[in-house]
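This document contains two forms of one protein chain, each encoded as structure tokens and listed individually as structure 1 and structure 2.
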Structure 1
């Protein structure tokens, strides 16, 4: 409560009920990757009367403020996760839809190298591995 209030003030957003509740949802244990609709449904389940449009607006503001990171994985819906500061890429289990995070300094390094080799500076990147549990053939 205190923490969320400070976080919102820090990024210059008014401390409103919808923003507090949405921020809290992302800070719950075990919550990692949520679509706008996931957030909306969680709010409904908690008897909150917050519109889907507001969820989108708040998530967009959170993204601009660096509170949250947005990912455009395959399949329409964008996914959001709290920005905990440490960069990582994602692996998606195509059977279960589960999202696994990973970090590879080696790949990060190679990316910069490749960009440089072509006369560019790496600004950002998107890497997603689509995987299947070992042994469960297609």
Structure 2
């Protein structure tokens, strides 16, 4: 609880019960991608009296403060994850919607090489691969 309090104060947000509980949910889940509805359902399961509108408002504040990153993957709802400051890419299982994080130094190197080959310096990127388990063709 002390860590969450410090984190909120560090980014200039007032420590409130809804902010504390939502931040705790993300920290409890570890590396997870949660929708606002996922967070809301977890709060309901814990008998917390925090509404869905409050969850959306807090997530928007967290995104603006750099606590969470919002992803809008194709064909799905926005998902949020804690911003741990480490770059990673994503794969989305098109059948289940499961989000898989991965890091590939080879892909990172190739992206820089491709940008340089075209006369550019890579500033930032977002890579999302839409995948299906092997053996489950269309």
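Positions refer to the first chain, counted from 1. Computed from a predicted structure; not experimentally measured. We call the rigid core the largest set of C-alpha positions that still match within 1.5 Å between the two forms.
- Remark: structure 1 matches the stated condition (the form predicted together with a further copy of the same chain).
- Superposition of the core reveals a Cα shift of less than 2 Å for residue 129 between structures 1 and 2.
- With the core held fixed between structures 1 and 2, residue 116 has its Cα displaced by at least 2 Å.
- Residue 66 shows a C-alpha shift below 2 Å between structures 1 and 2 [criterion: core-superposed Cα displacement of 2 Å].
- The rigid core superposition between structures 1 and 2 gives a CA shift for residue 95 of 2.7 Å.
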